[in-house]
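Only one chain is shown below, in C-alpha cells, and it's the form predicted alone.
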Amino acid sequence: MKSWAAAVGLPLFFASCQAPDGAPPAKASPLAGPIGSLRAVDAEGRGNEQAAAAWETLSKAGMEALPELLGAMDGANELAANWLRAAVDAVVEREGRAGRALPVAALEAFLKETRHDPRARRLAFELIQRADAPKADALIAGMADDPSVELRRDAVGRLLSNAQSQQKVGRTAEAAAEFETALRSARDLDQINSAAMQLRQLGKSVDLSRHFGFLTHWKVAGPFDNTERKGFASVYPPEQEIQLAAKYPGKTGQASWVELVAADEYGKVNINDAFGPLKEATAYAYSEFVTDKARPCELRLACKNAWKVWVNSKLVFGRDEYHRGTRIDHYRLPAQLERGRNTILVKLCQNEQKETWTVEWEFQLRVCDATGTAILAADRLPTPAPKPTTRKPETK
C-alpha cells in the first residue's frame, strides 16, 4: 500500500520513515500531515478547506521549519506552491516580530541544492538577502549558470554591471571578457541584447542565432488552401509522409518542397520569401535535428498565424489563432528528442485578412532545455549571414 506521502507526491525526504541499514525508523515530521494537505489542493478548488486548516497550523511553525516548508514546494502545483509561500511569509513575519533570527546557514544549504524547485530556491535567496545582504551578494556571484533562471538573471546583471565599470575606466579587454561571460550565461532577451550590443561596440562578433539555438535551415512546401480557415484542420500530404522530392496539388498549382534559410539573427523564417504574400494559404516547414543522445527538450516557438508542430511525426501542439501578437519564446512546447535523426514539421496558416499588419507569414523556432539554454544539433550548419534589418525582436 502506498503511504499518504507517496499518494500526494511528497518529496522522498518527507515520505521516508525507514532509516538505512535496518536502523529504527526516523521520527516523522510533525508538519508532514499539514504539508500533505496543502500539496493536495488543486485548481478546481478541491481540498481548499483542508488546505486552509493546514495553513493555520504551518503558519505557527518556528523559523527552523522554513527549509521543510520550502522543500515542500518541490513538485507542487501552482496553487499549492502559493499556499506554501504564504505559510513561509507568515512564519517569517511572526517569528521576526518576536525577535527570532532567520536560519541563514540552513537556508544557504537549501539554496545550494539545485534539485529544489526554482521558486523555493529564489525565496530562500530572498530570505538570506534580508538577513545578510553581503552573504547574498557573494552567493549570487557564483550563480551565472544556475538552473534557476531568476537567480541566473541576478548573476548576469552583476556581470554586466562589472563589465560596464571596466569599460568606463578604459579596461576594454577585461570588459569584453565580462560581457562574453554574461552573454554565455544570459537567458533573458534584454540581457542577451545588452551584452551583444556592448560586444559589437567593442569589435567582437556575436552569433545570436546560435546562442538562442534557432533552427535556420528549412524545407518548405506549399501553398495549400486555407479558404474559410479550413486549412488548419485539413490533412495535406506533408502531414502523412515527408517526401522532399514529391509534388502535390496546391492552392495555385503544383506545390513542392523548396529550401528556405532564415538569415534573420533572431531566427525569423519568412514564408512570404518562398511563396509571396499570399492570403488564405497553408504551408509546411520541415527540418531535421541530429543529436547524439535521447533527451527531453523544449521547442520554443513564435508565430502570429495558426500553427501546428510535430516532432518525429507526433503532434506536439497547435493553435488555431491569427495575428494576436507574438514574442520570442511565446510558446514553450515540451518534446522528446531521440538519439540520431529527429524530424520537425511546422504547419502555418494565413487567413483572409488584408490589413497591412496581417501580411506577415513567419515563425521562429528554437530547441533548448527548460532554462532556455540552446540545444544545438550535432550537424548544425553555419549560421547564415544576417540580413540588414531595422526591426527589433518582439518581446511582448
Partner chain sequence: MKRTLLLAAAIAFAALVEPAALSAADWPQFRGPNTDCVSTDTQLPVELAPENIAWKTTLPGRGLSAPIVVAGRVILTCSSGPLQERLHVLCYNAADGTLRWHRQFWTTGRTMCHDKTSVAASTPASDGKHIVALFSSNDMACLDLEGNLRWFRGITRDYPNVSNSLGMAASPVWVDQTIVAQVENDSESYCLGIDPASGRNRWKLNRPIGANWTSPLILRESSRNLVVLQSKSGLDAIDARTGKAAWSYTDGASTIPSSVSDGETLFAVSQGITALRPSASGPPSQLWRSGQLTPATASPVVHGGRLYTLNNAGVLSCGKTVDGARLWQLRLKGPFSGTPLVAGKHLYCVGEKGHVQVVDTAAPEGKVVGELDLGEMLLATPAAADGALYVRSNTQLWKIARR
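Numbering follows the first chain given and starts at 1. Each form is matched to the other, and the largest set of C-alpha atoms that superpose within 1.5 Å is called the rigid core. These figures come from a predicted structure and were not determined experimentally.
Although it is not shown, the form predicted together with its partner chain is what the next lines describe.
**Student:** Could you tell me which one of E150, E280, E239, E288 places a heavy atom within 4.5 Å of its partner chain in the predicted complex?
**Tutor:** Contact check passes for E150.
**Student:** Report the residue, out of K204, K168, R324, K230, that has at least one non-hydrogen atom within 4.5 angstroms of its partner chain in the predicted complex.
**Tutor:** Spelling it out, the residue with a heavy atom inside the cut-off is R324.
**Student:** I need the one stretch from 122-130, 106-114, 158-166, 255-263 whose residues put non-hydrogen atoms within 4.5 angstroms of its partner chain in the predicted complex.
**Tutor:** Result of the contact check: 122-130.
**Student:** Within 4.5 Å of its partner chain in the predicted complex, do we find a heavy atom from each of D42, A54 and F317?
**Tutor:** Every residue of the spot touches its partner chain in the predicted complex.
**Student:** Is W83 near its partner chain? Define near as a heavy atom within 4.5 Å, in the predicted complex.
**Tutor:** Yes, W83 sits close enough to its partner chain in the predicted complex that at least one of its heavy atoms falls within 4.5 Å.
**Student:** Though only this chain appears here, would A90 touch its partner chain in the predicted complex if you measure heavy atom gaps against 4.5 Å?
**Tutor:** Yes, A90 is a contact residue.
**Student:** Consider N77 of the chain shown here, and say whether it contacts its partner chain in the predicted complex, taking contact as heavy atoms within 4.5 Å.
**Tutor:** Heavy-atom contact with its partner chain at 4.5 Å: present for N77.
**Student:** Would you please decide whether R97 lies within 4.5 angstroms of its partner chain in the predicted complex, comparing each non-hydrogen atom pair?
**Tutor:** Yes, R97 sits close enough to its partner chain in the predicted complex that at least one of its heavy atoms falls within 4.5 Å.
**Student:** Answer yes if the CA of E93 moves 2 Å or more between this form and the one not shown after aligning the rigid core, and no otherwise.
**Tutor:** True for E93: a C-alpha shift of 2 Å or more.
**Student:** Quick one: core overlaid, is A51 moving 2 Å or more at the Cα between this form and the one not shown?
**Tutor:** Superposed on the core, A51 moves its C-alpha 2 Å or more between this form and the one not shown.
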